[in-house]
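Okay, here we've got a single chain as structure tokens, the form predicted alone, with questions on binding and movement later.
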């Protein structure tokens, strides 16, 4: 699965540029504590978080995460979107909660 599939098949909204849509999505990680994410998320994970500040982009870039998914249509800071565009980190938004997002991945065969 690639990030582009999340936009096209899951109907997630792309908040950033089209850069990074070909990144592989090998897993999903959900956590809002940045230090915990830094020590537990894996390369090419899609990261689900309610955090919307610029440090999210720094963590995603540092860990080579495939994308950041913001649940429940939470508004993302413009500075964060601008930084993500600059770093080539796709930020996606959906009205689903974390459980609903995980369900989409499960239905698509990701275990």
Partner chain sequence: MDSNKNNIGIKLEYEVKKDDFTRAGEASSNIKKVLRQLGIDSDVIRRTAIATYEAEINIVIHSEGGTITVYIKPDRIEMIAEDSGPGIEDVRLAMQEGFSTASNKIRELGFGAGMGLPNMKKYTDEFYIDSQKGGSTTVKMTIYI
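Here the structure is a predicted model, which is why all the values come from computation and not from measurement. Numbering follows the first chain given and starts at 1.
Not pictured, yet referred to below: the form predicted together with its partner chain.
Asker: At the 4.5 Å heavy atom threshold, is residue 73 in contact with its partner chain in the predicted bound form?
Answerer: Because no heavy atom of residue 73 falls inside 4.5 Å of its partner chain in the predicted bound form, the answer is no.
Asker: Does its partner chain come within 4.5 Å of any heavy atom of residue 26 in the predicted bound form?
Answerer: Outside the cut-off, so no.
Asker: Determine whether any heavy atom of residue 41 comes within 4.5 Å of a heavy atom of its partner chain in the predicted bound form, and answer yes or no.
Answerer: Contact check for residue 41: yes, within 4.5 Å of its partner chain in the predicted bound form.
Asker: Using 4.5 Å between non-hydrogen atoms, is residue 32 touching its partner chain in the predicted bound form?
Answerer: Yes, residue 32 lies within 4.5 Å of its partner chain in the predicted bound form.
Asker: Would you say all of 10, 21 and 48 touch its partner chain in the predicted bound form, counting a heavy atom within 4.5 Å as a touch?
Answerer: Contact check failed for every one of 10, 21 and 48.
Asker: Where, within 77 to 106, is there a heavy atom within 4.5 Å of its partner chain in the predicted bound form? Residue list please.
Answerer: Heavy-atom contacts within 4.5 Å come from 83, 87.
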